[in-house]
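Okay, so here's just one chain, in structure tokens, the form predicted on its own.
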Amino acid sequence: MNRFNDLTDFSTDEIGSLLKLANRLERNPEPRALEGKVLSLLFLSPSLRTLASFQAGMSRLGGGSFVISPEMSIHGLETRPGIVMDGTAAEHVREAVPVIASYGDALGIRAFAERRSLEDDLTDREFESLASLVNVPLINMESAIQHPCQSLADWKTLNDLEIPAQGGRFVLSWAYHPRALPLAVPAATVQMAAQRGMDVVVLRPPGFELPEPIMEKARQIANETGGKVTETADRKEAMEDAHVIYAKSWSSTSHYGNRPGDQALREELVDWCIDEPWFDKARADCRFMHCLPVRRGVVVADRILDGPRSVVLQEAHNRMKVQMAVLHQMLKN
């Protein structure tokens, strides 16, 4: 494996093999598997789980890692092409990224969307520009439109819970958040659930429809796996017999890049906070999923997060497990 960027780059069988490897490493650790290997980690966006899980996973496999971020030890990175660097940034990514990559055997990059141009973010323009500077195996640790590590962990969580693929109903629901957030997690999540072969419903208020290229890709995947992908603003319709509700906020696509427009639209939607009444039509054992971090009392009620429906901590722990499998597959000689 030379690049881990998009789950749809892999067949269902290949993903199954990665998940089996994750389970095997959990049962039978290999503390010297990556002895002498170094993982370089470049964080252009903040992180808790991604940073900690990659460092812990690499250590458990016997390797080492180092972290670079603008907030740590460097004096700002310039990303714009053709810029005269007479401002605060002291280094350009065109020099920084190849240098960082050269110090390790693989490189992970995390770079959020700027949310100025929907077209640029849908094509992952910034991440692909950074990737073009790298000549070692590369891991996408979240970009404008991808989050494969989270999606692989979510797939494992669904398997661990024995939630059926064929016939399992997966609801990806928009939830209120005071800020406009990126599309990476919802885009990756709807495609993951479709790739698993599930009946996927995107529940969202008007103005927060996922972009058509994301939905079309998910529908094409579902056609190949025997799944189904639909979209609705009707909560009861979406939650009918649901096995899972996965909550996430994202930017208004009707006001993308327009913060005042987005803010005005979402201010009317504070009631989109997941609480027990949402589950009235769902299965009795319907689970709640979220990638974290999550705002209590804003995105979801405490009684859901602290109750038996929530599997958010299991998802977070699975991040380390599946990333160990990715690292093992990528770096083991």
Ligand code: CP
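The first residue of the sequence shown is number 1, and the count goes up from there. As the structure is a prediction and not an experimental result, all values here were calculated from the model.
Quick note: we don't show the form predicted together with the ligand, though the next part is all about it.
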Point to revise | is_contact(Asp121, the ligand) in the model of the complex, heavy atom dist at most 4.5 Å | key: no
Review point. Taking heavy atoms and a 4.5 Å cut-off, does Lys321 contact the ligand in the model of the complex?
Key: no
Check your understanding: Is there a heavy atom of Gln55 lying 4.5 Å or less from a heavy atom of the ligand in the model of the complex?
Key -> no
Check your understanding: So in the model of the complex, does Ser69 come within 4.5 Å of the ligand, heavy atom to heavy atom?
Key -> no
Check your understanding: Exactly one stretch in 113-121, 89-97, 162-170, 145-153 has heavy atoms within 4.5 Å of the ligand in the model of the complex; which is it?
Key -> 145-153
Practice item. Could you spot which one of Arg60, Lys281, Arg295, Arg49 gets a heavy atom to within 4.5 Å of the ligand in the model of the complex? Key: Arg49
